[in-house]
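Next up: a single chain in structure tokens, the form predicted on its own.
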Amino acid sequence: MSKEGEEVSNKQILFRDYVTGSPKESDMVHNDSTIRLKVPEGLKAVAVKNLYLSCDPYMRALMTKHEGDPSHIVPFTPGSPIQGFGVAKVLDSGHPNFKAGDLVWGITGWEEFSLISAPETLFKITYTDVPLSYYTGLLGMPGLTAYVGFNEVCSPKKGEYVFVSAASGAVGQLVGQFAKLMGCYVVGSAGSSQKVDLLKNKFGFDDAFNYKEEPDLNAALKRYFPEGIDIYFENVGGSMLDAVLLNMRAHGRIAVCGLISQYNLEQPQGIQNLFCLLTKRIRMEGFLVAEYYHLYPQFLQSTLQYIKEGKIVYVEDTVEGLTNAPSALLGLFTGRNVGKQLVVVAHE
């Protein structure tokens, strides 16, 4: 660590400018900067060394300026480091809740070192008998998303029929396992035979299929759910959602977690089968994980227990080095990743 006040070099990935259509690596710019690792006097901030960065589909939405849209989405700032979830080590702190040496997860910058001005948004990591990288996925935002989306939004009951799209991703692989632990019947869709194999043989799904090999998604769902679907955990949108609506059972629930098939489209696809919401009395609800952070301690306790008992497994797709972060993020939108995509910036 540097002497007090000394500047150190700081590699960064900057957001170039707002994007329409599919983002490119050139929309994310490599930059060499400097940073002081001492928090300025009187500032309730923390200086951190970033260890792991998370690549998540929602980050695509932050690359677009939503003109006139009063949504919760605050886009990235052109010319500034990309912001996302990560795991970091505190080097210096002006905040009473944190001290040098603490490990944390939360929103940080895509850079080697960050000065985080609102550290109250960070979660302190106290349990380290698992890989620290798990706090970008299984024990971080994606894990909590799976937990609250399934348990709180879907109100599941034992024996129900559950369908998960993008099922091998950071969130989907956990939704399926939570559903199995509750005694549900679970089928997942993914985009390759390797991922289908993972769903069935590693994550314990009852069945799975490659949506790219199904010319008729409605027919495929009828094959896997002859009695219909009680719960759909929605990660993709578009034609998959349209087909699911036709196959939902009465009083089914749809938790809208993400719509990854739509993020790079300048004109999103319309949904044809919304009348099913009425005739089948389906509840379809979007949710934001940030509104459920108060449940994190409860989630952490139960999930750690599952890990210790070997009842949950987790697959990560790891790339080394900050310079490879843009490529890793873009790979999410072509399904290149297998499991939770993360970037190793530094080892503790």
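The first residue of the shown sequence is 1; numbering continues from there. Only a predicted model underlies this, so the values are computations on that prediction, with no experimental measurement involved.
The protein also exists as the form predicted in complex with another copy of the chain; that form is not presented, and the subsequent description refers to it.
- Stretch 250-258 is the contacting one of 160-168, 125-133, 105-113, 250-258, since its residues have non-hydrogen atoms within 4.5 Å of another copy of the chain in the model of the complex.
- Another copy of the chain in the model of the complex is not approached by residue 309, whose heavy atoms all lie more than 4.5 angstroms from it.
- Contact check for residue 320: every heavy atom lies farther than 4.5 Å from another copy of the chain in the model of the complex.
- With a 4.5 Å cutoff on heavy atoms, residue 263 counts as touching another copy of the chain in the model of the complex.
- Using a 4.5 angstroms limit between non-hydrogen atoms, residue 316 is distant from another copy of the chain in the model of the complex.
- Of the candidates 83, 210, 272, 121, 272 is the one whose heavy atoms come within 4.5 Å of another copy of the chain in the model of the complex; the others do not.
- Think of it this way: in the model of the complex, another copy of the chain has a heavy atom of just one of 26, 279, 305, 34 within 4.5 Å, and the residue is 279.
- Looking at 22-61, no residue comes within 4.5 Å of another copy of the chain in the model of the complex, counting any heavy atom.
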